[in-house]
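Two forms, one protein chain; structure tokens for each follow separately as structure 1 and structure 2.
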Structure 1
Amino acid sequence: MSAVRFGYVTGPVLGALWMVILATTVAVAMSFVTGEAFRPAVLLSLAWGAVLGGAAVYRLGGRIGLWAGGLLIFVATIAGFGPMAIEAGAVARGAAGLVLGAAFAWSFGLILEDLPSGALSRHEFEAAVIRFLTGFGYIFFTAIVLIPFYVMVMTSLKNQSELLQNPLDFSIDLSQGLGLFRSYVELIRDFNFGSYLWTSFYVSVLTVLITLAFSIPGAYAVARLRFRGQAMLSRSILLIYMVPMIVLALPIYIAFSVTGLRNTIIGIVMIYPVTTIPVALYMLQGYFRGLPAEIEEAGLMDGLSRLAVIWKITLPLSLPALASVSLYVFMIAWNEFLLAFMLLDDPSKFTLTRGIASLNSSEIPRQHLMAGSVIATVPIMALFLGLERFMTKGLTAGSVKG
């Protein structure tokens, strides 16, 4: 058996690596929150993690021993020889040490999960490594998502003098009260951002309705009906996505300019569904194929027409797919930028993304651009979280009663 597959080796190695990960995470988080200088001390992190990981494997105090180790990390951080190098006051040191110590004691206990100190079976070794990698994945992908959003929000709450004084300080002064939101007020009052928001909303809703109106019968025909070229049509639905939109930009611009549709909302509402109908067709035809055909056949035998079967049977059973497709199409239309940037020049007709692009100017303070980005991001996040259950809930259960 490899020497690595012994608890007295695996524990300290995982402990050392995990301490470096946590120290880096806490240092970055504290730097963003406080604006002070925090950084991981890599060598000390490795040493602390190896010692505490070895102690945990040998069951020195069990779970209480891990929390005692967390307390030692807290004390060492305050004293200046902990896993982080901190150039800040005592309060910040104490907060960082407390967070790091508690995080290590709790999370590393989950990673070890009664790992023995002696020889490990293959299952025990792999389970410990997988738990370690899972924890790292949670931290890494959470940081990728949260850090840009945090920077965007904090920047939008700054004023111009604060940004000029220290652009990398992402802490906020809560003593300003409602004054923190001055950028949002100025954005709505001075930059006509409410109009951009409304335009994007109804353009996105119209795009969803038009897309569903064309994709539902099209997807049903591909999934249920038999006709010449059905297989080819089914396979070629997504071929449009093989052509980059930037290649089509010039022909679309010329065509819309000649027909007078450029710089009009009607033109935008016409072109957006062209980009969303293929993916809606692909998603819906796959879902329709998964529905029990016996239910529709029973409806036809009861005298319903094909359209009545679609309306009364297929669509109610397809609500999860319809919700998923609607949300996806809405997000595409809400976030679309290239076509709006190319076709819209009149500020009174700007969509949200086009309006945000107009804020990207040296004459407009950076906090207004970030506030506009927050306004564009939050509604779509709320919509996704609100409709997520409809995307995953199966409504076909119990549709066939026997």
Structure 2
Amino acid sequence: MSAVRFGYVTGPVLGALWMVILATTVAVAMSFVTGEAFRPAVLLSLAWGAVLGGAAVYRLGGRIGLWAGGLLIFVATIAGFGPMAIEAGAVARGAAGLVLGAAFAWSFGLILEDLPSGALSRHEFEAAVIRFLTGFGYIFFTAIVLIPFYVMVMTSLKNQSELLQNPLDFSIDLSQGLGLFRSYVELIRDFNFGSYLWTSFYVSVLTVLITLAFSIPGAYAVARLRFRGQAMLSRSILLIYMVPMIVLALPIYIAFSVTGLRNTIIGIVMIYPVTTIPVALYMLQGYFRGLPAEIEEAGLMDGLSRLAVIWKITLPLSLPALASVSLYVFMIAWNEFLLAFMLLDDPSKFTLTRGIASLNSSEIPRQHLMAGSVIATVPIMALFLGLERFMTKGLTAGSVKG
């Protein structure tokens, strides 16, 4: 290890590796945007990165020096011996070179910080490596999270022949105007997706309400009241919440077939809350335990009954927790697939997830499938981003569930 702990070794090595990462990233991004052929040239990337990294460690030209290096990459990319091999038009080529040069100049300065050119302490060396890994991490995670969603949205805006011609071409022809959204229009007009959306919405809201109505009293009892079997009960809640749905789905399917509840929304509204009540109870009892018992005792002393205490003191205090639990339960109900898939066959009663599953056939073009996915994803994402604070809390409080 000690052999690499010199600025003049660390700098070029990190520079070379960083250039490969950036060149790959820019090439993939440009391919996805333009559909033309961009490829990282690994050997050239290593060479360019090493040279620029070495120069940067010796602070050649200071801060300006790095940007000069970036300019050099831009020029080299246009000239055809830059870190990327490109078969594309001059504009795309120039844009790729510009992005790569600027990205390298900006980010590599941050990675090096004030790394000396001579011998490095272990601290300096590891800090530089960590900054390098951090940069890589940001790129990596952002890419793996965004690419599937990007593909989902873009596919829904294209048509079958365009998709088959060049699967990488996600550029959008803006001149079509509203025609871009024809898959969505067709889904809502011909495939009844408006009604699925509504069904999903009210089934989820009902699930939230029923879940809260059942779990608030239960959670309060487990958290605050003393009775025999309390410890065992709070454990079995967690246990129940681990029973796999597929094991229960089979008898539920049989019971629903026999009683005629299959293919009814009522059946779905009856079964969804039961899958969420244990989770909600578990989350809420944790929160109720954290509330100071003294306030409730004061209420009891002043003559309120237990139920009045719950209604007038505990619930107003736990509004944030109720919001988290509601959001989390809403998310579970909205995303639920297995039960809807098994219990609903009648297209007029589908929930959104069941509706998407019915689009998965070879006769239906895939942009419809993706448009359906977008329709299901956007509301839950909007809700999530708008109320991220509650959602994050809710997730950490209860969700060991998948």
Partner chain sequence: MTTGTPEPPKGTTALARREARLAYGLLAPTLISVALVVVLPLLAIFWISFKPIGLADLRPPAPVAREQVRGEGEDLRVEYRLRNSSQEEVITGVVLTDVLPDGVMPSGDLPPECALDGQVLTCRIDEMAGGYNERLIVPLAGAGDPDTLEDAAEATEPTVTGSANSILTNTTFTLENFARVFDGDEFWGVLGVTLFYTVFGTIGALLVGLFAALLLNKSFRGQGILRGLYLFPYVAPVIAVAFSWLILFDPFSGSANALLVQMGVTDEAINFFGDRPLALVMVTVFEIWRYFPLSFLFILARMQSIDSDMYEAADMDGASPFQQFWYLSMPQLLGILSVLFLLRFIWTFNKFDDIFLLTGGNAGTRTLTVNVYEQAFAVSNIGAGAAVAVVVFCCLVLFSIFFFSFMSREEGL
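These figures come from a predicted structure and were not determined experimentally. Think of the rigid core as the biggest set of C-alphas that the two forms share within 1.5 Å after superposition. Throughout, residue numbering runs from 1 along the sequence of structure 1.
- Comparing the two isolated chains, structure 1 is the one taken from the form predicted alone; structure 2 is not.
- In the core-superposed comparison between the two structures, the C-alpha atom of E294 has shifted by at least 2 angstroms.
- Once you line up the core between the two structures, the Cα of P217 ends up 2 Å or more from where it was.
- After superposing the rigid core, the C-alpha of G109 moves by less than 2 Å between the two structures.
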